[in-house]
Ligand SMILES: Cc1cc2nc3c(=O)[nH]c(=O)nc-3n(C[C@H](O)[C@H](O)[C@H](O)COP(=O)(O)O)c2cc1C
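The chain below stands alone and is given in structure tokens; this is the form predicted alone.
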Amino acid sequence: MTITVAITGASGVQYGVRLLEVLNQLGVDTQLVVTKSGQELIGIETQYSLNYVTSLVNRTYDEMDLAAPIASGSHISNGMVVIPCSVKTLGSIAHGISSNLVTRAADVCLKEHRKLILVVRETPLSGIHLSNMLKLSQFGAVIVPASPGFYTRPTTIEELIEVLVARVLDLLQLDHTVSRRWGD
């Protein structure tokens, strides 16, 4: 299995880092794009370095490298997760604006009918945001608001992060034990 992960400039980069850690532990082949804003937020919101984050993946690409393999439909992958997904990225994808590698790779997933999961991190949501989410959902993207459940009775921020990451892993159809399930 090959999954592309993108970390964009929305608060919540911890979700993306934790997803990469688990994908690495599961032995999933991963490709990573971190936008410049995403890189800045890794330094602001976490104790991790960009070197640590990139050490978790098989390949990394610069956000402006539109010649990267993931920019082509002929490059086979099982899908893409944008985690966190900024509303700027959401809007660009919804309107087919492929101005960087994240939006181009997402566009490829849509046109090739591959799994595209967008973990949107914004609040409150405007009508424009909601309209863009609806449009993308209608074209096959899966919209996952960064709103973890509390049924596991989390007591730490890490446990909250894991609830959301577990949902993404479920959507990728990966077997895991990252977080308890409802009723466990």
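Note that residue numbering begins at 1 and tracks the sequence as displayed. These numbers were taken from a predicted model, which means no experiment stands behind them.
Form predicted in complex with this ligand: not shown, discussed below.
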Thinking of 11, 38 and 122 as the candidate spot, does this ligand come within 4.5 Å of a heavy atom on all of them in the predicted bound form? yes
Tell me which of 29 to 37, 135 to 143, 48 to 56, 150 to 158 has residues with heavy atoms within 4.5 angstroms of this ligand in the predicted bound form? 29 to 37
With the cut-off set at 4.5 Å between non-hydrogen atoms, does residue 88 touch this ligand in the predicted bound form? yes
Within a 4.5 Å heavy atom cut-off, is residue 100 in contact with this ligand in the predicted bound form? yes
Is there a heavy atom of residue 44 no more than 4.5 Å from a heavy atom of this ligand in the predicted bound form? yes
Taking this ligand in the predicted bound form and a 4.5 Å non-hydrogen atom cutoff, the residues of 125 to 158 making contact are none
